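Presented as structure tokens, the chain that follows is alone, the form predicted alone.
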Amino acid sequence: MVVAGASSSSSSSILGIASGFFSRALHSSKTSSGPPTAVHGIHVFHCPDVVGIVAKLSECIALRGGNIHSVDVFVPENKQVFYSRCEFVFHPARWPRDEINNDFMKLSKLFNAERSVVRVPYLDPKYKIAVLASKQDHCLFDLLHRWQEGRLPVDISCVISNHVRSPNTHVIRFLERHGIPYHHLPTTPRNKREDEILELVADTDFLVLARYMQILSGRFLESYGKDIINIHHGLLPSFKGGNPSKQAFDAGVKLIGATSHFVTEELDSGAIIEQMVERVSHRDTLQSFVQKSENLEKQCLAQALKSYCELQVLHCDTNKTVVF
């Protein structure tokens, strides 16, 4: 089905057919031998809002024999800004990958777009990432397992930590088994080893801080120049300092959470990608309280990475995101 119409004026889902359509790689029919006959693509668009954007996007796909499966559009109230995310299928023989880029580039120029990105998971390389972690393993190991199971469309180039891990730990054994380098870079208040980290992550697409308990400087952020995704528990700002979970448990809180966000120079103040919450009660022990908190952090970070890799996250204004 092809969309025909003008731009939207509010957050809406224009098309929602094909429930269960989307997955990390593709949902397409394949011949018994050879490449798939239909391939899944994603396009995101950010431009000034004018009449006819959706119609032109639809026309671009339809003229190449493609078929739109869903479109999400958002136009903020009192702002002439247009955001969209489109999922479509196409035949690679009729619409080669380089021509897809060229066609959407023409639309980008037509509408003076700030961002126009197209991704074809079946054809495009996976995102290359590095993971930074400190002493706690729960987020790091969860990401490694999701990567092993193919649930995250990334390649992990290395793991960097300011804490040493002995060779017989489950993390080191896993990394060695899968050929992922582990770099131990101990830090001091005067030396955060940022130059060495920058060298190790130079060819990555983005970074993940899986409970990395070091503050990255503005110089590091500017030098790296790409997105960095962080996770922290939702007990802040009420319980700062050492052992915040015990502080919150002793205070009898009833709701805990986790937040995944982009990293900025200001600590824990970047645009939010994902948040999750869970109730706790007087029946929880400190152990169950901590376990619930750590589980939220794992789930929240994994969902944020999935959304980011599937082009569901667009920067909006200075400190907000649109998450389709």
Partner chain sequence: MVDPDKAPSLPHGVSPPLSHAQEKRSEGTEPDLDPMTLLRRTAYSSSASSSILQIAGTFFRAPHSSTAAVAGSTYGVHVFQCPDTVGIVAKLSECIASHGGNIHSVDVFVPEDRRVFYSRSEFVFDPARWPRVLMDNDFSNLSKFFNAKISIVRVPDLEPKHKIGVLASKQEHCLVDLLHEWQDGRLPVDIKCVISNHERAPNTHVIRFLERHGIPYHCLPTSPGNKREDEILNLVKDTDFLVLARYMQILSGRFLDSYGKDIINIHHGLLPSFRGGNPSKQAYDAGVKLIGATSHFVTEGLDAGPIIEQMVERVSHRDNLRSFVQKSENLEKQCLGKAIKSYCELRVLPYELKKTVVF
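Superpose the two forms; the largest set of C-alphas matching within 1.5 Å is the rigid core. This structure is a prediction, so every number in the text was calculated from the model and none was measured. Positions refer to the first chain, counted from 1.
The form predicted together with the partner chain is left out here; the points below concern that form.
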- Query: For V164, is any heavy atom within 4.5 Å of the partner chain in the predicted bound form, or not?
  - Reply: no
Query raised in the report: So, in the predicted bound form, is S238 in contact with the partner chain at a 4.5 angstroms heavy atom limit?
Result: yes
- request: Answer yes if any heavy atom of E274 is within 4.5 Å of a heavy atom of the partner chain in the predicted bound form; otherwise answer no.
  value: yes
Point to revise | Residue contact check: D72 to the partner chain in the predicted bound form, 4.5 Å heavy atom | key: yes
Among G242, G252, G150, G179, just one has a heavy atom within 4.5 Å of the partner chain in the predicted bound form, namely G252
Testing 94 to 102, 140 to 148, 168 to 176, 242 to 250 against the partner chain in the predicted bound form with a 4.5 Å heavy atom criterion leaves exactly one stretch, namely 242 to 250
Of the residues spanning 131 to 146, the ones with some heavy atom within 4.5 Å of the partner chain in the predicted bound form are none
request  = State yes or no: after fitting on the rigid core, is the Cα displacement of I180 between the shown form and the other one at least 2 Å?
outcome  = no
| field | Core-superposed C-alpha of V164 shifting 2 Å or more between the shown form and the other one | value | no
Requested in this report: Look at V201 and decide if its Cα position differs by 2 Å or more between the shown form and the other one after superposing on the rigid core.
Outcome: no
